[in-house]
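For reference, the chain that follows is the form predicted alone, supplied as structure tokens.
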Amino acid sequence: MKKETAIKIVLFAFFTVVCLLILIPFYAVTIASFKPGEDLIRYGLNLKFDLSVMNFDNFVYLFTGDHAYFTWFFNSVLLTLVQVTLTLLVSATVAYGFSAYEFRGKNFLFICVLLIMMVPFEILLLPLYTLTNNMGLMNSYSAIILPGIAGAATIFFFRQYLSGIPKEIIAAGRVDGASEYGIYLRLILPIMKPSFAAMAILNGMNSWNNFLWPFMVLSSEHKYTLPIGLKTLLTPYGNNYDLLIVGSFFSILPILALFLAFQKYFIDGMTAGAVKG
């Protein structure tokens, strides 16, 4: 018992330290959003809590100033919602095919999915850019959505999750006369809710924070996503730190709210996907 107690204490202390290390950057951005931009220029991003310089001017400027922040914000919201929805539906359908059916070349195709997971996206940038340009999709959201609509990592996760679902459920559906689409839509998808929640959070974070690929394909300012828009605030001719820091703080809130709302399902989904199959 003493050994188990000691292990629990050590683990608790370790994860407490990890949690504090993760929260420090968020704390720094939070208090910086209440400070004027020149304070950030002078002292950099720091942990000093100084009430003498802290105020709500940056937030007033965010909501009333002449800028395109909320255009970028709602562009990111729209793009994230569409991209995550399509990615989950397509990837879940592909994973269900790998899990529920036997067909020629199944193992080879699944190995291809695993290989794709090992390829860094930066290697694909040039051929993907050329293909996008040849298809006439430049400066459109389609160029951002389509390349990731069947995410290899998401397919792998869903396949592992579905491998733990008893095949008797599918057999029972066929005995009752349900079509293959009916089995998938009425029996399988409801069971996958925890895995959908987990992948929605992970894919949502990736889509929301995606910078490199949207930066390469988007050229119109009114189509910019939030990461690109915030980057435009830093120029050789002047930096708008007031909007940059409060905009960065505000951009964290949607993902934080999403995670807190689906935390239980996220943990259940990740655990099931890790141990089943």
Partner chain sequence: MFKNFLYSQKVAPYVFVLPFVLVFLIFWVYPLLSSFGMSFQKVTLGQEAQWVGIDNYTKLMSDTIFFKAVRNSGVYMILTLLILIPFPMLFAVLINNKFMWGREFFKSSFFFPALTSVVVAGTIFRLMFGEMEGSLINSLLGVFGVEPVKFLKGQVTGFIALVALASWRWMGVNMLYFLSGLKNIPDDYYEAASIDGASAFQKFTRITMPLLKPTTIYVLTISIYAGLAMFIESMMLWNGNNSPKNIGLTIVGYLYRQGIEKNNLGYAAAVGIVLLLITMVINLTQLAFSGMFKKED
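The structure presented is a predicted model; accordingly, all values stated were derived computationally and were not measured. Each form is matched to the other, and the largest set of C-alpha atoms that superpose within 1.5 Å is called the rigid core. Numbering follows the first chain given and starts at 1.
Omitted here: the form predicted together with the partner chain. The next part is about that form.
Heavy atoms of every residue among E180, N239 and S248 are located within 4.5 Å of the partner chain in the predicted bound form. None of the heavy atoms of A261 is located within 4.5 Å of the partner chain in the predicted bound form.
In the predicted bound form, none of the heavy atoms of P190 sits within 4.5 Å of a heavy atom of the partner chain.
Contact check for H222: no non-hydrogen atom falls within 4.5 Å of the partner chain in the predicted bound form. Using a 4.5 Å cutoff between non-hydrogen atoms, G37 does not count as a contact of the partner chain in the predicted bound form.
Of the listed positions (L78, V175, I169, L109), a single one reaches within 4.5 angstroms of the partner chain by any non-hydrogen atom in the predicted bound form, namely L109. Screening F49, F215, F56, F63 for any heavy atom within 4.5 Å of the partner chain in the predicted bound form leaves a single hit, F215. Of the candidate stretches 190-198, 128-136, 161-169, 70-78, only 128-136 has residues whose heavy atoms lie within 4.5 Å of the partner chain in the predicted bound form.
Residues F98, Y101, F103, R104, L109, C112, V113, L115, I116, M117, M118, V119, P120, F121 are the members of 98-121 with a non-hydrogen atom no more than 4.5 angstroms from the partner chain in the predicted bound form. Remark: with the core as the superposition reference, the CA shift of A68 between this form and the one not shown stays below 2 Å. A displacement of less than 2 angstroms separates the C-alpha positions of F215 between this form and the one not shown, with the rigid core held in common. For G37, a C-alpha deviation of 2 angstroms or more is recorded between this form and the one not shown after rigid-core alignment.
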